[in-house]
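Following this are structure 1 and structure 2, which are two forms of one protein chain, each written alone as structure tokens.
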Structure 1
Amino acid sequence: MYVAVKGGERAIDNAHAWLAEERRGDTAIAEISVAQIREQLTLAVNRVMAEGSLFDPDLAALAIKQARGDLIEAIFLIRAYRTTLPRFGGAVPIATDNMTCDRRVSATFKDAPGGQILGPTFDYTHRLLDFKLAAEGEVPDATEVLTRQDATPHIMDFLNREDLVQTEPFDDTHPPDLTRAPLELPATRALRLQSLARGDEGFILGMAYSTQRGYARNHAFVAELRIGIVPVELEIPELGFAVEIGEIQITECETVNQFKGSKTEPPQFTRGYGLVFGMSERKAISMALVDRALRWKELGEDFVGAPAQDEEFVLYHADNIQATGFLEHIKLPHYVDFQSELELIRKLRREAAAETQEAAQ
């Protein structure tokens, strides 16, 4: 029997009002401002920008406040807002060798030209809770030293001089865009990188970790990890030339992996690449490892059945908004579906009971 249901409006309104009150918390405690989130919870803001696929720290901070700190909910808000924006165009690909580096480390070359710059990293902290942060206090100024201002060359360039690393073929054609056309397989590397760049950090990390543990093993060295500011250039039709329309912080990771060679070509290192909005090196390294694992076909490697090699598995499950949408919909009313299941199980039980009775007679 199907009963039509309607209603719940008052309950929903009241739920929203309570949500707003819970979001605010104890009113005896000062309200957090969007600017405070932007300036002091920067890495959360960065994650929302990267996976929301929209660089705007103010909006990301607002989304975090609205979502009560639930970052996937905040990413959802940003994705929804993004769809309302007219697109003015596609930027000139950023030149990461032109980056003003906050951080730049290499795990392969100790004496990399330009040096190893640690930047504001957690790496060498003791991971002990710092109770000084629980009390208000002045922060000491960071040390500054006079320095050169010229561009920092990529470490990969030095390896390339010896031809030890495969070169990435230059291509200036307009890349395919996931946000404009549904993902189709097999995907180009450009499409895979876009998908990974906006994919869930936890998922990409798990996939990358699996390659390190032996599923599609392709031992990776971090040739270079750099974080810093790059300008973004756009061709302006009314001007007829490109101008910088802003600057963004990004994290880039380049890995060198084991060799490939053939009868005609001597062995060369292969590469993985990660590029993410904001300061997000865990995501950038993970992305580079997964990018490399997904390249098995073009590099002539075997498919060993590892999840990280399976582009359908990786690309169709990396998006946390698609995933959460499908996952969470099962908590919404399924009364009719369930009613039919109920009818079915009752029928099966009746039949089973009848059979037992027959057998007993």
Structure 2
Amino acid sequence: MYVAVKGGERAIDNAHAWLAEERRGDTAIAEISVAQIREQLTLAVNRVMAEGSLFDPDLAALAIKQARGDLIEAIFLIRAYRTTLPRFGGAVPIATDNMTCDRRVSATFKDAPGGQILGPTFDYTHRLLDFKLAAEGEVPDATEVLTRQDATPHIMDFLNREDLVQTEPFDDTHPPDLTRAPLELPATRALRLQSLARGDEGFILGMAYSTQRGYARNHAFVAELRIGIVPVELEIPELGFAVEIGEIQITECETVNQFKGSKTEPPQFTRGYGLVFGMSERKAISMALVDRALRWKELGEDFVGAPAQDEEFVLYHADNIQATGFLEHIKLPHYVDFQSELELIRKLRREAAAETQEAAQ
């Protein structure tokens, strides 16, 4: 039983005031702006947008500022705000073939059709603290910056010219919307992908790592990882065609995995898929690995008891907002519950003491 705390309004108001003071920090230091967070903490902003299911860099930056850098709290704020927004239509599915790429790499083909674009990446840095950043000096411009590449084809399409990749059936039914309806199992792949895209990056990363360590027999290659801008289009009934209403940055990952075949299908490659808002390649790769692990049943593979293969375990525990709410609720008043437990323990101890005394006599 949960017990409401009465008479604590003044204490709560003081706690809020203290929180605001702690958030602001030393007033002798200039306050960080939402624009600074948006432009200089972009990876944190991208994570909040992805797991909050709302693409708005300004609002995500504001949430990070309000949450004092606690990204899960910021995601909570974004999801809560998202519920207040009216819906006036559904966008046309984005075509990632039309992505203008800032980054596009493949671990399977050195001379990938369309070329490799390293883009802005930590991959080749030495992971040493750069104390020049503490001096807050100007960052030098890159000596050579490649322009974005339009209409970059997918590498998996080239691989499939030899019919080596499993043909995935096209499902034109409208997928359920996880932001408006609760998760139901068994889930379709579309619903699983939604859940993984909104899932906690650390949890999905841990699940993906487990597949690489033998828990799921799921060794994968990154066929392609791409980050870039795609247009968002909305069909206008009065016009009879779709119009572009904006652009979003996304990260897309396709992994290629072996498949030994079955009685009806020859040995071939299968794919795992990940797509998230912003520049979030760790999340996209992790998502693709877990997606592939969860496909064991539809591919007729054996269930080896791996956590990443367990749809219920993965999907019900991936959401950090649900996990946070359930975990943090135990710090709220549970006075009646605890008193009943306390009385039970006292009763059991009295009975045990009485039995011991009788045995001694």
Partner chain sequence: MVNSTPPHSDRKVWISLLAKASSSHLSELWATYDEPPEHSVLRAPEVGSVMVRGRTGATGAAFNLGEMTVTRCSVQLASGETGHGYIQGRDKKKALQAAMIDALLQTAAAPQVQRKIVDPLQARHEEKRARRSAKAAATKVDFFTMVRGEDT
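Here, residue number means position along structure 1's sequence, counting from 1. Superpose the two forms; the largest set of C-alphas matching within 1.5 Å is the rigid core. Note that the structure is a prediction, hence the values are computed from the model and not measured.
Annotation: structure 2 represents the form predicted alone, while structure 1 represents the other form.
Superposed on the core, the two forms differ at Asp172, whose C-alpha moves 2.7 Å between structures 1 and 2.
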